[in-house]
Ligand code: ATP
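Take a look at this single chain, the form predicted alone, given in structure tokens.
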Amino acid sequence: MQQIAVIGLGRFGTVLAQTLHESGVQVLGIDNSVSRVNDLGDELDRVVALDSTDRSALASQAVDEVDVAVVAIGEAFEAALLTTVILKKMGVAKVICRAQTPYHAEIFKQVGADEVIQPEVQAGSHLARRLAHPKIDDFVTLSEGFAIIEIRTPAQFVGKALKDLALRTTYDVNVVAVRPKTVVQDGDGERREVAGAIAIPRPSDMLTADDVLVVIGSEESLARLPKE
């Protein structure tokens, strides 16, 4: 089982740790606040209160044996930076740091962080894409300039087969999966959309208005897809 240490249990760290735990990952939560640790005591595999800038304290919890350590410390940049340096010196396989500014992100990279994230920036970019492209249900950046999106079938694609649309030739994108949407009615009589099982499409498959297409390509190419 994968083991991940989340260091810093503020709002971001707590949500991350809880979601990882719910996904079946073995989570070690670390924070210098006893009250935060007590609040999460029954929700994670293991939660400890310690100073993450103390190498011996980290070693006592076998942090060097985890697969990934996420430094989710928010405001205390110096503590986050020192924690990152210690984790790398301890030989932690992968260290991911949360940065609040591009300047902090660059410093984390300089001291050896394997990956740096800026949740606020990424959330803002994600929301901007959704607002600019209402048809897009989800957007995942793969690397600089390339992404995977989930987009509801444009009106001009409905009733046509993938092979006839020639999306690779016309838009320079590929449909890698199709996820049908269905409407269900709950016990209160309320109707809501739910996603069906994802399927690998065949060239002859006809698209419906209820399908959600999983499309991969450059952001420039994806932006050219119809948005009706």
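Note that residue numbering begins at 1 and tracks the sequence as displayed. Note that the structure is a prediction, hence the values are computed from the model and not measured.
Beyond the structure shown, there is the form predicted in complex with adenosine-5'-triphosphate (ATP), which is absent from this document and is the topic of what follows.
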- Looking in the predicted complex, is adenosine-5'-triphosphate (ATP) within 4.5 angstroms of a heavy atom from every one of 2, 43 and 46? no
- Item | adenosine-5'-triphosphate (ATP): the contacting residue among 116, 147, 86, 79 in the predicted complex [heavy atom, 4.5 Å] | 79
- Message: Given a 4.5 Å cut-off on heavy atoms, tell me which of 107-115, 150-158, 89-97, 69-77 is the interface stretch with adenosine-5'-triphosphate (ATP) in the predicted complex.
- Response: 69-77
- Is residue 198 close enough to adenosine-5'-triphosphate (ATP) in the predicted complex to count, meaning some heavy atom within 4.5 Å? no
- Query: Is residue 9 close enough to adenosine-5'-triphosphate (ATP) in the predicted complex to count, meaning some heavy atom within 4.5 Å?
  - Reply: yes
- Task: Report yes if any heavy atom of residue 51 sits within 4.5 Å of a heavy atom of adenosine-5'-triphosphate (ATP) in the predicted complex; otherwise report no.
- Result: yes
- Message: Can you tell me whether residue 61 touches adenosine-5'-triphosphate (ATP)? I mean in the predicted complex, with a 4.5 angstroms heavy atom cut-off.
- Response: no
